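Next up, C-alpha cells for two forms of one chain, structure 1 and then structure 2.
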Structure 1
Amino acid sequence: MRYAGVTLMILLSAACSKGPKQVAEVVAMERAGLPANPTDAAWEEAPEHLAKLVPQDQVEPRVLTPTTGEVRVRALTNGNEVAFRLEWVDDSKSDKPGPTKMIDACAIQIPARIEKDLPEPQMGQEGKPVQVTYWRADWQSTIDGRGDTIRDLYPNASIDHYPHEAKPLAPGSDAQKEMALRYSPARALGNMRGGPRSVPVEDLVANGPGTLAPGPSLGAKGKGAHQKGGWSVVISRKIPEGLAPNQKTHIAFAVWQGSQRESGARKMRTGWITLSRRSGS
C-alpha cells in the first residue's frame, strides 16, 4: 500500500509538472528566423531532448568517473541552417586558458554523409567521417570583448619587454605583426586556438579518434552564456545532409567541464541520437 501511494505521488507529480515538453529524439522545429541568443524566447517553440551523457571510455585517456550527467537540447531550423541550444549544469565558469587550466566546451557531431550504416559514434571512423561543430568558453569570452594580452588573463602580470613591441617597430605595422608571429608559431600557421576570433565555434571533421581536423566551412556560428549555475550555448551550422523535410539523420553531443580538467578525449558524450525535422504548424 505504501508503495502504491509513492507511485501515485510520482504520477501526480509528473502530471502536474510544468517543465518543458520532452521528446525521445532531437526535433528541429521549422521556423523562419533562427535565434542567435540562448535566452531568446523562440527556443520555447522547440521540444526539449534530455540527452544522457556517458564518460568517454573508448580510447585513452579515458574518463573513469562521470562528471556532467546530461545536456538539454532544443533545435530549430529555417531550412538552410539548423541551430541547437545546449544547456548543462556547471557551477564553475572556466573560460581562461592557462597552464593545466581546462576550458568549458561543448560540441555537436553529425554524420558527414547519409549511409546505410552510421559511423562509429566516437568521432566517426575511417571512410565514415563525422562533422563536428565545437564551441569553447574562452573563445566566447574573446568574442564578448576580452583582450588579447597576458594581462587579460593575469591582471597582475608584469612584463619587462616583448621584442615584437620594441622600437623601432611601429605599433600595428606589418613588420611588427610579422615579428609577433615569430613568437607565436601556432598563430603563424593559422592554428587559432587562441587569439582574436570572429566566431566562438569551429567547423571540424573527424575520421575516428585522434583525427579531428579543420573541416569544410559549414558556416558555424555560436553564442554561449553562463547563467544560473550552468551553460546555455547556441550552435548553428548549415543544415546537414539528411535533414531535408521529412527525413532524419543522427546527432551526438559532448560536453567538457574545465573545472573537472576535461579536454580532448577527457569528455562526457552521448551516442547517436535521432535528429528529425518537424513543421511548426
Structure 2
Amino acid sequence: MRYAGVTLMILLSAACSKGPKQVAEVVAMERAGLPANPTDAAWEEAPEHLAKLVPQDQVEPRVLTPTTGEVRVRALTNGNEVAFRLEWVDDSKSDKPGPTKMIDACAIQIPARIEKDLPEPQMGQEGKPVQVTYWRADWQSTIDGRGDTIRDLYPNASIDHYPHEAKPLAPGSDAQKEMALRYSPARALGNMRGGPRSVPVEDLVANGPGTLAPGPSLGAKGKGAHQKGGWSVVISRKIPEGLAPNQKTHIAFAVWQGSQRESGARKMRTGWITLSRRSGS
C-alpha cells in the first residue's frame, strides 16, 4: 500500500509538471526573435499568467452577467518590442460584421508612463493616459482572405454596380480612387475602422472612459486564430518606455464575445496586473 501510494504521488507530480508554469504576474521573457503566430512553439518558453476577468459594470453600457471567465497570457520581448499571447474560451466565432452583429475582440492596456501612482484601470484618467492595443476578429478575417465588400458579406444581394466601378474609370486610377472615396463618406472623414486593413490591430490612447482615440503609432502587429473552441491571439507593440530588464510596469486585459452582444464598453476586463521584464537566463 505504501509503495502504491508513493507511486501515485510520483505520477501525479509528473503529470502536473507537464502543464504550463503558472506565475502571479505577467512575465515578459527575453528572446532574440518574437513569434508572430499564436501556435509557434516559442511561446512554451514563457510562463503563463491566468488573468481572471470581471464584468465592466462601472460605466454605461455595462455588463452585469459574467461571460468570459479568464484569459491565459504569455509574454516575450526582444528588448525593442513586446509580444503577448492571449487565449480564452469562446465556442462561437463571431468575425463577420452586419446589422445587429457584434465582433469577437481583445485588447491590452498599459500606462503611458511608469510611475508610482497608477491611472484608473478603467481607460486611465485625465493627466494619466493609457495606451491600448486592440485586436478584432473581423479585421483578422479580411487579412486571412475573406472579402470585405457588400458582395462578399451578402452573396445573395442584388447589386448592379457601384459608381466607382463604372467602366470609364480605369481600375486604380486617381479618378477611380476619388470616386470610391466620394461614395465612402466615413472613410472620407478619416474613419478607417471599416474596410480592408494591413494589420488586425490598432494603437489607441485614452484619458478616461469615453475618451478612446487613435494614438501615436507603437508599431502594433497581431494575429489571431480560432481553434479548439477558443481564440488564441498574438498582440505585439513597442516595449513600454522605461521597462528595462528586471523592471516592472502594469498591464490590463479586455475580451469581447460577439455572441454575447459585447461591444464598446460592454466587455469583460481585468484590473491592473504587474508586468515584468526578465532575462531568459
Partner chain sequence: MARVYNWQLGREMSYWYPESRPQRQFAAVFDTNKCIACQTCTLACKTTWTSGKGQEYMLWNNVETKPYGSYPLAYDLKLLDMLNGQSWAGNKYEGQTIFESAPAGERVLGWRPEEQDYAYPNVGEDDCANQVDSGAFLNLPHMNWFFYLARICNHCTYPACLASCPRGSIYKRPEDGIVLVDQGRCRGYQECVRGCPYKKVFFNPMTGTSEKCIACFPKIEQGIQPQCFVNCIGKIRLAGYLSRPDQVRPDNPLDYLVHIKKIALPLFPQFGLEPNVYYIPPIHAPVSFNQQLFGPGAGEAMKAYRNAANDPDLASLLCLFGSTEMMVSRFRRTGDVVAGSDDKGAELVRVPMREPVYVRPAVDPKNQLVRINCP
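Predicted, not measured: the structure shown is a model, and the values here were computed from it. Between two forms, the rigid core is the largest collection of C-alphas that superpose within 1.5 Å. Along the sequence of structure 1, residues get numbers from 1 upward.
By the stated condition, namely the form predicted together with the partner chain, the first structure is the one that fits. Core-superposed comparison between the two structures: the C-alpha position of residue 144 differs by less than 2 Å. Once both forms are fitted on their rigid core, the CA atom of residue 174 lies 2 Å or more apart between the two structures.
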